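Next up: a single chain in structure tokens, the form predicted alone.
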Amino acid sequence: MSCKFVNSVLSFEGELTARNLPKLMVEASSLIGKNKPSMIDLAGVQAIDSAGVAYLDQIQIQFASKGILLLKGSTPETQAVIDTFTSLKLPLPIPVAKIGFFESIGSSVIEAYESMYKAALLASEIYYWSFVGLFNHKGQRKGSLIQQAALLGSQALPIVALLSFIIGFILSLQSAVQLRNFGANVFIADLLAVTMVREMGPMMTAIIIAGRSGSAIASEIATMQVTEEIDALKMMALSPIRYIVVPKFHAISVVMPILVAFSIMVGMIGGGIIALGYLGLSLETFLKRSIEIITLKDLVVSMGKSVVFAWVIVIIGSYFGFQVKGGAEGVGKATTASVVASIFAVIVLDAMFSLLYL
């Protein structure tokens, strides 16, 4: 393979292939280093491959800014290879305009509005089919309520009991140190009862359920979405919300108040150990003060909060599950996002309840 430069015409002879290119490129560079070719003659080229075409494209791009560089003399076979592998005929990518600051804010606002609209629409469908499901069990699996109650409720008892006991124990221990300095040992029962019933019991139970059961709800629905099981249900004229979400909604509405009551009881036991062992209160005094300080309003607010938290966890988990895109990575992202959003929503709602029902 060789090349020559005559009267502004760069001519190639032989095989313009990957095997000959390294030597040819050095030779051609020395010829066109000082002079600009106006034409490339391929009449002497016997064979060419994709590497040779790429080199011709490179030469044409190099001198394109200085004028038009033409190819001539190529045989039909050589021209066919060039037409097949050349990149000069490909459409140029359209540069993406940089999004400005206000445009990004507007886009975020629109996305937030669309997400809120979809979440509200999903919540309305869940509430509607949950109400209908109380009277008509068509479209639901037989025994699904008991199954979901066991999964969401009974299997969560150990972790709820452990954390509630530790919270009650630590809360009483930290409070006992201060109350003992003022001789107000008896008020440990009041403080613990009000705190566990109105705040710590419902909120901590909801956070545990959001991390344990909320993630399970989101991952289950997301997996069904990715594997097209949701589409299969629709093809069988079954509502995915009625078939999948409603049993979970009913089950968690029943088991959440039970878990909260259990959490309060175990937390009081943990705090009672400190009250009886560290502060020297009698069991009778501790129980009497705990019962007297709690009003019916406190119990109603506590149980009401637990039900609202349960509904929020199911709705958020279902929303992120139905919105998943992609494969296994999308399922993981949806699960993580649902847990974060559920915990955030629980804390915000708890703060709102605290302001409304002080």
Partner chain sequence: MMKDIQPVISVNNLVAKYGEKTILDGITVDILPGEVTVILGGSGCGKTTLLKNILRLYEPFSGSVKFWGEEILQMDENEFSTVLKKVGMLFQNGALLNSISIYDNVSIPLELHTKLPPDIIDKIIRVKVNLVGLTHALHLFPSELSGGMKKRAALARAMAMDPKILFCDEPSAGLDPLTSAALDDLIKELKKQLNMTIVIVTHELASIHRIADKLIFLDAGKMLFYGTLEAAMKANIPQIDTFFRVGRF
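Please read these numbers as outputs of a predicted model, since none were measured by experiment. Numbering follows the first chain given and starts at 1.
The form predicted together with its partner chain is left out here; the points below concern that form.
In the predicted bound form, at least one heavy atom of residue 51 sits within 4.5 Å of a heavy atom of its partner chain. Contact check for residue 80: a non-hydrogen atom falls within 4.5 Å of its partner chain in the predicted bound form. Contact between residue 300 and its partner chain in the predicted bound form is not found at the 4.5 Å heavy atom cutoff.
In the predicted bound form, its partner chain lies farther than 4.5 Å from every heavy atom of residue 348. In plain terms, the part of the chain that comes close to its partner chain in the predicted bound form, with a heavy atom within 4.5 Å, is 53-61 out of 53-61, 313-321, 292-300, 37-45. A single residue from the set 85, 187, 262, 129 has any heavy atom within 4.5 angstroms of its partner chain in the predicted bound form; that residue is 85. In summary, among the residues 21, 9, 343, 337, the only one with a non-hydrogen atom within 4.5 Å of its partner chain in the predicted bound form is 21. Contact annotation for 184-216: no residue has a non-hydrogen atom within 4.5 angstroms of its partner chain in the predicted bound form.
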